[in-house]
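Single chain ahead, by itself, as structure tokens, in the form predicted alone.
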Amino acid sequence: MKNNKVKINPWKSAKKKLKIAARELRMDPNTLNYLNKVERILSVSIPILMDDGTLEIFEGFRCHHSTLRGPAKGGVRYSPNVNIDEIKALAFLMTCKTALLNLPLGGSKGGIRVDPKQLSKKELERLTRRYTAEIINVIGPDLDIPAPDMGTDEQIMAWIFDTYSMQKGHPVPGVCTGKPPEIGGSVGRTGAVGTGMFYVLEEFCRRKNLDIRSMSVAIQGFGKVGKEIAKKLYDSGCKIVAVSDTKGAILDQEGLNIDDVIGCKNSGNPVIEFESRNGEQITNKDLLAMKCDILCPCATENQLYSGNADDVKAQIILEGANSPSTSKADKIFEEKEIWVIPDILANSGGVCISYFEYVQDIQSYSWDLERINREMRTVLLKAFEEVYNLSLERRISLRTAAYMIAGNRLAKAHEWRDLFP
């Protein structure tokens, strides 16, 4: 699965979606101008000694898009492709997600330009601890709360928590989320994005009188999110006909055994090495264009754009990745009457449970998994209902409706707070 060759600026692409919603809202131009900027961005150099004794210097970032509605919240991404525009776009999307879910949070993002697979565990630890030390003045429970993202996990969060706490002289579990449960993490966080996607899709199908059990699904990206939504849909009776990762894609029109595909992937093998009776290797381009009921883009941003959107034959696009579709692609999908369940709603289960973890940390009171899932379902389905009803009322796409709701809450917060000084 390779990124498309069209160069699309992720920051500009993300802002276009709010611009469309702002036009529907008749948002004050001054407010839109304010939301089109980030509050601050920190760029840091991260020198570490490698295991062979050589010095390597990596580049890292931490960006706060908005703290209008509360402390910033956002992931930490370790990837060779990390850059400032990507980080700004992802921070912006997190602001919109938290506003849509009506959580008392803002949006942030951070990352390091590195391929974590090329580092030893000790090198990864040194990198994470030095990065934390470099950004320590812009993170904290009352300022900005990091979480896992692409290339990071609960171990990375544990090192961030420990490094921050050592500098402060006492444990500060609320500094980040996505930690192991043994040190203040929440149960249910690992599969939260996929679980939330399933809740939203299930409710959408109920509203449209569609039988989710009879649907065929193609999933682009078989990482943490892709595997989780694949498992949820497979267990519910869906036929998963194609999946992909960075090495390629596999197709089986009779349906893949997802438990076995996950086992193959967890063993360190690409999905194309999975042997299926009727399976065949296809390209990522083929997967995005194949005939199926549901297409789940769970990889990276801007995978669906003006150059390939017209090839999409799915009935429903369930966005597991952040900003996988451009605004031009959205127009094509509307013309083709393809339903798009937008990222800021569909994949918001992660930030929802991160918020629950943050609440548990600052209250020193743990919730069980039943409560976690019940509370998440309530929050997500309330947001879905608002988006769905506004979409019907205004005859607009679900994405525009979602951005209108988020944009309206942000505009009201800006109006109430006004400007200092």
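Keep in mind that this is a model prediction, so the values were computed, not measured. Numbering starts at 1 and follows the sequence shown.
Beyond what is shown, the protein has a form predicted in complex with glutamic acid (GLU); the following relates to that form.
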Has each of D149, V351 and S354 got a heavy atom lying within 4.5 angstroms of glutamic acid (GLU) in the predicted bound form? yes
Within 4.5 Å of glutamic acid (GLU) in the predicted bound form by heavy atoms, the stretch out of 304 to 312, 140 to 148, 276 to 284, 326 to 334 is 140 to 148
With the partner omitted here, the residue among V243, I87, I156, M94 that in the predicted bound form has a heavy atom within 4.5 Å of glutamic acid (GLU) is M94
Heavy atom within 4.5 Å of glutamic acid (GLU) in the predicted bound form, from candidates P342, G75, P297, G194, belongs to G75
Exercise. Would you please decide whether T128 lies within 4.5 angstroms of glutamic acid (GLU) in the predicted bound form, comparing each non-hydrogen atom pair?
Key: no
Review point. T190 near glutamic acid (GLU) in the predicted bound form, any heavy atom under 4.5 Å?
Key: no
Exercise. In the predicted bound form, does T163 have a heavy atom within 4.5 Å of glutamic acid (GLU)?
Worked result: no
_Does any part of N322 reach within 4.5 Å of glutamic acid (GLU) in the predicted bound form? Heavy atoms only, please._
yes
